[in-house]
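One chain follows as structure tokens, the form predicted alone.
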């Protein structure tokens, strides 16, 4: 018997007397101990399903048809008191944004204690023991110290693991995981995925796993439901969907993600954007038709029904046999790297002194240890490693947000180590940073034109009309419509905000860009657009870049060389293809072993090589 079952479930936004469909005729069944993957871009309806389970739909949205049964009872019509007793205990959630989900004014310990008291799964006197056990299960180090910290004192990945520990604490019957590994590096992702696997094996927990990573879904899910614009595009066994996609959208998502295979390929760029709620209401044909490489006239006349393709698989496509013919473009040509050095680090270290505590002397922590590297003209260098390995600290040293404790930094032949006023001005002229979170990096009160041309404005260059024209030219260069210049950040999507972030950095015509996790958390389609944009801009402008990322497949696609950092030290470096094909350090091998393989039938066993265990003992 299915633990969770949707039968023709429909959700709509009601506004001005009209209903705009958000989810249309959704049906699936999830048995105990099974994992269902929900895959698709932002706006496809993935998170809306999780909100429907919890009955936490946004204002104006409501269930307009069908049922959603949990253990034989309809969650839609269930009494609110009964549903509240289920949520957090029998039905647990891992939300997508950890910093928003945790209370900023309560310590982690206070929030764990409240949660454990609510679910009643442990004796009140033993809450601390239970909390530390759950922290250990999700590989959170120094659990006793974490209990006294506030959410803002932890990294995003650590906050995510705190929420995962809370979700697992009740040993739920159903776990809804909304992008649970997006903010995590590959080794932590591997551990969390393994933890979910153990939970479903030992506790018979059913899991709804929401992700935009089709390759990850293929490795851990039993069934995959690919959603597009609120409607199922394809549904069936995970490995079948990944190995032989029947719907063009599934195939395009697969080809938009960089691979780790021996053959380097280009990325499929999906044109335009997914239709919004208003556009869906007026569509008469297939919702994917405007972006589909296999579209024919019949696709625009009527919406294709879900039809059986083979075995247990169904797809909403009138030509599923043509899907296999969709091929990726050729690999993008990398610009020629010259011998001129634009940035050099020699023995750069950074020490931080911890705050003095009662009866304890302050301690010194070395975040970066004797880093040596060079960045040449037109070269893209990737920096990889787990959270806490020193990647972002090294970036902050390069851009002057921190000063080295020892060592030397040279930019275009000029020593900028001392970080004096003149050196900071020299950095601003020749070096720019693109921050990880475009939402917090963009001033919400300024229009895009003012944000993009901040460098001109700060230097007193150009009139208002000239700056507006410069902004429009930059926006056109990065693939945004010129009218975007008059919008505010709140009117843009996540991918558009990141493009604005890049345009702002390019306004000063820098020789070096430092990009800190700029594609983390983005849909694979938007990620593909940004990666190809960076390669195109390098061809046209000839700049160099330090690219920080936890996604090794992205680094392999984009970067000429790679630096591998572990505990503040660069433990391996070299040409990207050479390092990834034949890593010499155990830590590099552990990182690569944690990446889901491109082949859906390949065994994904992270423990058989022993590399990760070796690193953890180091």
Partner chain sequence: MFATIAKLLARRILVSIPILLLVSMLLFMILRVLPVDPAAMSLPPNATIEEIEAKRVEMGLTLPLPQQYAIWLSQVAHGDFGTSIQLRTSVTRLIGQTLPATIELAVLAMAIASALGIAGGLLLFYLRGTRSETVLDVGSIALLSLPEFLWGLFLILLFGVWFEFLPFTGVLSAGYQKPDITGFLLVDSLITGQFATFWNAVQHLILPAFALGVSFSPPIMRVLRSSLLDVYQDDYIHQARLRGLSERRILIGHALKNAILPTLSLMGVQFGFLFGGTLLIEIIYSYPGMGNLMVDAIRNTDLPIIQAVGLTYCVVVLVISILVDSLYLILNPKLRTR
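Positions refer to the first chain, counted from 1. Just so we're on the same page, rigid core means the largest C-alpha set that superposes within 1.5 Å between forms. Computed from a prediction, not measured in an experiment: that's the story for all the values here.
One more form of this protein should be noted, the form predicted together with the partner chain, which is absent from this view; the next part is about it.
*Asks:* At 4.5 Å between heavy atoms, only one of the stretches 550-558, 23-31, 53-61, 567-575 reaches the partner chain in the predicted bound form; which one is it?
*Replies:* The contacting stretch here is 53-61.
*Asks:* Does at least one non-hydrogen atom of residue 104 fall within 4.5 angstroms of the partner chain in the predicted bound form?
*Replies:* Yes, residue 104 is a contact residue.
*Asks:* So in the predicted bound form, is the partner chain close enough to residue 93 to count as touching (4.5 Å, heavy atoms)?
*Replies:* Close contact exists here: in the predicted bound form, residue 93 approaches the partner chain to within 4.5 Å, heavy atoms only.
*Asks:* So in the predicted bound form, does any heavy atom of residue 240 sit within 4.5 Å of the partner chain?
*Replies:* Contact with the partner chain, no.
*Asks:* Could you confirm whether residue 200 comes within 4.5 Å of the partner chain in the predicted bound form, counting heavy atoms only?
*Replies:* Looking in the predicted bound form, residue contacts with the partner chain do not include residue 200, since no heavy atom lies within 4.5 Å.
*Asks:* Is it true that 100, 150 and 163, all three, sit within 4.5 Å of the partner chain in the predicted bound form, judged by heavy atoms?
*Replies:* Each of the three qualifies.
*Asks:* Which one, 204, 372, 114, 483, lies within 4.5 Å of the partner chain in the predicted bound form by heavy atoms?
*Replies:* In short, 114.
*Asks:* Please tell me which of 118, 446, 536, 300 lies within 4.5 Å of the partner chain in the predicted bound form, judged by heavy atoms.
*Replies:* For this set of options, the contacting one is 118.
*Asks:* So which residues in 65-92, when you check the partner chain in the predicted bound form, have a heavy atom no farther than 4.5 Å from it?
*Replies:* Those in contact are 84, 87, 88, 91.
*Asks:* Any chance the CA of residue 98 moves 2 angstroms or more between this form and the one not shown, core superposed?
*Replies:* Yes, residue 98 moves 2 Å or more.
*Asks:* After superposition on the rigid core, does the Cα atom of residue 83 shift by at least 2 Å between this form and the one not shown?
*Replies:* Shift at residue 83: 2 Å or more after core fit.
*Asks:* Is residue 109 displaced by at least 2 Å at its C-alpha between this form and the one not shown when the rigid core is overlaid?
*Replies:* It does shift by 2 Å or more.
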